[in-house]
Structure formats: structure tokens, C-alpha cells
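Here we start with a single chain on its own, the form predicted on its own, put down as C-alpha cells.
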């Protein structure tokens, strides 16, 4: 029998491998990654400074350890050039040259890549990201012996990274086109509470504007904003969103929407080909969070091994790690609704309410995060998050 092949060694891919191995001790599993295969907890990349963790300390298991513990074969720094869905075969190029790898089931767990921003200037290649451990190695080297960092993007990763840097005495500038931080996920009251919670003089928030140019100067990078202002910093980091890695799937005839289209069983339009994690769009829903990927892996392992299991997600609550303003968000799968907010002084409870009064999602901050379980039950009672 041909092996089960997983493309991608992030949380979704490795968790799928682990779940399959728990159910079947003998079936062959191959993991292929364009990066170094290793196990690390990606959310820790935006809080590693506060945790006093070096890059090496973020790695929980090396490729050798994974091969031993899960009885799998791994291919690091290996690119999949093509998927032949008729012959159930991959063409790959890696450290051992070009080769063909057959599969019985194929799991696409290729994650997402940072959005390509329309920025000009002779310093645009100096912009770094923190989307992977390899990225983070470069980021940590860049900020060594520097103190001024500009972050493009005030979403939850940008806000977490800003918090982590400020906690280690860096000065941070944050730039975003939105009216307030995390505008897509929280109401204005909670968004405004984030900058207010940072220590005086530690950060500057540039909202309703964007970075248009980055240029080199003698001892800094000059960042030019669309509002006409200029900010001089040492390091520029992009945290301006991600786009699912879908090109390989599209070129191989696999249906792609916003992400790789799958149903509630994580099945693509091609038999025995599945998608999971940040590259997948589940029945039209894009869920780039750890919890959905974990639940997806548990269901998918059973489906691949013959016990078709529908994905069920008991909740989508996500903890945003901002030390001065802790936030928990449960994003709504529906875009239509309104925020109903109570609270004051950074301690808010906000419900995203449908026209019929059902609770579609919530955002809570400060001392109110202790109400997370109650609000999660409200969402489930409204039947909006229990299943896809």
C-alpha cells in the first residue's frame, strides 16, 4: 500500500500525522516540508521575548525526534513541484534531488504566506516577517543591538508582537489602515483600549494610514507613510495578514476558492486529497487558528483511515496575548451583525449579535476574560459555532 503523504510540517500537518499514528501503528506516513521539519508552537513566536526563550528553545521536537516518536519519514527543505492526481504521485525536488513519491491519501497542510505589500524603496528587501521559525531566526538577528521596530499591521499578530517587544524595552511604531487595532475582530471600545494600555512613550500607533516606501539612511530605515509622515526605525516587520498557499493545488486541478476548498470532512474535489489548516477553506469559512486545525486533524485522521468523521468545532475562542490588555475573541462565521458592548476602562464584554438576537461571536478584554466560558456557551446555544 502506498503511504499517506502530508505536505507541510506546521501544526495541522504534524497533528494529523500524530492522530493517524495513534489510530494505526503500521501505516507508512511521509511528511514533506519546504522548511526544516520540526515541532514548535507557532503562537509562541509573538511572545518568545517575554518568555525569555531563544530560537532553539522554541523547538519542541527535531525532525529526528519526530521520526522516532511518530515512526514517520520526513523530508526537510523539499519542494513539491507537481501533484499527479490521476496517478496519485508527487514530483518533489529536495536535498536528494528530484524524485517521485506515490500516495494513497494526500494531506495538503501548506499553511499561508505573508501578504505581498505594494511598498517601494531601496529598503523593501529589509522588511522581515514572523510567520515561521525560519522567519523568526532572521527577525531575532535583526533586532539584536537595535531598539526601534516598526510593525506593519495591527491585527492580532501585530498587536501581540508589539506587546512582546515593548515588554523587552523596545520602542514600537504600529501602522495600519484600520481605524483601530484588530478592527476586523473587536469593536472600537476594545480596539482603542489596546494602545491606551501600553506604557507611556513605549509605542506610537499610526492608524488610518499605510506604508508606501522604505528607504535606507545612514543609521536607520526611513518609513514613509501615506499620510505624509516619516518614521525612522532600525527594523521593519510585516504582520499585515496572510494568504493561503494554494498555487500547487490550483496547478494540479484541485478546487481553490479563497483557500483550498474542502467540505466538512476536509475533502477536496479530488478523491483521496484533503486540506487542513491555514491553506484550507472549509465550506466557505477560513479559520486560520490553532483550535480549528487541531479539531480538523482529529477528524481527518479517522476519515483517512476509513471512518468518515465530520468536522465539529466546539468553539473558536482565541486568546490574544497582550500583557497589558488581555483579550479573548470568538470570531463570527457570519459577517452580518452588530456589536453590543458593556464595560469601561479596558474591561469590556462585547457580543456580536445577529438580527434575531442570537450570539454569533464575542470579544472580551481585561478582567472580563473570566467570562469566556459563559459567552462560549451562549454562542453554542445560538447554534452558530458548534458545527460548520
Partner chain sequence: MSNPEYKKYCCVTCDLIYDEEIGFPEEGIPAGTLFEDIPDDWTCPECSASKSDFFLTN
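Positions refer to the first chain, counted from 1. Computed from a predicted model, the values in this text were never measured in an experiment.
The same protein has a further form, the form predicted together with its partner chain, not shown here; the description that follows concerns it.
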item: Every residue of 192, 208 and 350 near its partner chain in the model of the complex, heavy atom within 4.5 Å; value: no
item: Touches its partner chain in the model of the complex: residue 377 (any heavy atom, 4.5 Å); value: no
item: Residue 324 within 4.5 Å of its partner chain in the model of the complex, heavy atoms; value: no
item: Close approach of residue 372 to its partner chain in the model of the complex, 4.5 Å, heavy atom; value: yes
item: Its partner chain contact in the model of the complex: residue 61, any heavy atom under 4.5 Å; value: yes
item: Contact residue in the model of the complex, chosen from 224, 298, 148, 267 - any heavy atom within 4.5 Å of its partner chain; value: 298
item: In the model of the complex, the one of 138, 305, 290, 73 near its partner chain [non-hydrogen atom within 4.5 angstroms]; value: 290
item: Stretch in contact, per heavy atom within 4.5 angstroms of its partner chain in the model of the complex, of 358-366, 39-47, 334-342, 25-33; value: 39-47
